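Coming up is one lone chain in structure tokens, specifically the form predicted on its own.
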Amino acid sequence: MAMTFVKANQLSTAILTSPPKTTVSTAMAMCSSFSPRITKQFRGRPISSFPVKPLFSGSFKAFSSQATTKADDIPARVGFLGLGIMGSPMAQNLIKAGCDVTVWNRTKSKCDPLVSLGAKYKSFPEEVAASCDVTFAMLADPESAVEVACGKHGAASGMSPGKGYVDISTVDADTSKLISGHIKATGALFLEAPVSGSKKPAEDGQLIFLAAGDRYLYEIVAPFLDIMGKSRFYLGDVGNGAAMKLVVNMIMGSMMASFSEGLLLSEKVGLDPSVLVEVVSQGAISAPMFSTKGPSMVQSQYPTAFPLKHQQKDLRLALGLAESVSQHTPIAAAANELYKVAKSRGLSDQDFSAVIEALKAKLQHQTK
């Protein structure tokens, strides 16, 4: 059984906005010898419970947009660049699922725990890309994403026809298109697939992938996305995944700023903010973010799951996206200013829920 790239495109309309967890793609069906094992054994399981058992074996057949999709097309060697708060648990999930993983990080010591689990290590992104069939990159910001992909000893220098590059960093559309251009100039395939989710979902394999770019590469790497996440969306051309992620994080940052205002107002008028968290968790505006982070915020504790500096970066990029289409976003703009105040108070590396401290500072200033 085989499927050409042309047929994959013909299927895109039906699958475009549906998470393939409930829609079995043709490529996944042709890889049925292993994909059910991913779904049944790994979905929603903590990384510590993954059996160290190789699931991806056999020789790798170089893929291209003109190739047919077969079970032995699945990449045998996977690279992972960037082992921060998100990248490390994602790479661990791949390793503990039996994947042959090669890692790189600017700070080499962050690679050591993964090497102890069986990963290989390379000194430069270029070397990782050259030695692997598909390479994932999870970097902190657009500048880092471009440097790692396109800079000296960058991944693009190790790419060639038959390889794939999947950038799962949160960047703006222009940055994603720039990286795509460098990667595709080598004859390799490119996919952007930023994730929605923070530290705990990354650990539990519960991320949401927002993919765009080479559809054939999307189908090829789907089993790996399914190990690291709970759902995935294919959104079309490069830039659409980046745009979707920025819209999601714009909403999230604004929600947290509003939630912070509510907690402080409840306390100001003599209510117990802890009770407010319970009330919110049981009503129409219930959200996991509120029930998870609320109790810690009441105690003025902000264990980092998503750094505040990254939330402010995403708001800045989202505002730029809005400006590019003349969209007025006053709420997000106000929230962005609040996160900037929080950064100026040394809270950059705290969880983004620490934005409440910026509001506290404003209230204290008003009472003086």
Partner chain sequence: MEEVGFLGLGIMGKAMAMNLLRHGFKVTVWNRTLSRCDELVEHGASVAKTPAAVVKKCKYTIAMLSDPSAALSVVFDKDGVLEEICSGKGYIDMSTVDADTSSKISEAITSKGGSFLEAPVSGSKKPAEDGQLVILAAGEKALYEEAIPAFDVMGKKSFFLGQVGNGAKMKLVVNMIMGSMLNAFSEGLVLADRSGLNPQTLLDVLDLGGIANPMFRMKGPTMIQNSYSPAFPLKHQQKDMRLALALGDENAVSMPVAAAANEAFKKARSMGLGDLDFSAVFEAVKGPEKSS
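All values reported here derive from a predicted model rather than from experimental measurement. Positions refer to the first chain, counted from 1.
As for the form predicted together with its partner chain, it is not shown, yet the points below apply to it.
Legend entry - Options 116-124, 92-100, 131-139, 231-239; stretch whose heavy atom lies within 4.5 Å of its partner chain in the model of the complex: Only one stretch passes the 4.5 Å heavy-atom test: 231-239.
Inset, instruction - Sort through Cys150, Val298, Met244, Ala76 and report the residue having a heavy atom within 4.5 Å of its partner chain in the model of the complex. - result: Contact with its partner chain in the model of the complex is made by Met244 alone.
Legend entry - Partner contact for Phe259 in the model of the complex: its partner chain, 4.5 angstroms, heavy atom: Contact check for Phe259: yes, within 4.5 Å of its partner chain in the model of the complex.
Legend entry - Residue contact check: Leu276 to its partner chain in the model of the complex, 4.5 Å heavy atom: Residue-level check for Leu276: yes, a contact with its partner chain.
Inset, instruction - Although its partner chain is absent from this view, report whether Ser254 comes within 4.5 Å of it in the model of the complex, heavy atoms only. - result: It does: once its partner chain is placed as it appears in the model of the complex, Ser254 has a heavy atom within 4.5 Å of it.
Inset, instruction - Decide whether Lys108 counts as a contact residue for its partner chain in the model of the complex under a heavy atom distance cut-off of 4.5 Å. - result: Although its partner chain is absent here, Lys108 would stay clear of it in the model of the complex, with no heavy atoms inside 4.5 Å.
Inset, instruction - Select from 195-213 the residues with a non-hydrogen atom within 4.5 Å of its partner chain in the model of the complex and write them out in sequence order. - result: In sequence order, Ile208, Leu210 come within 4.5 Å of the partner.
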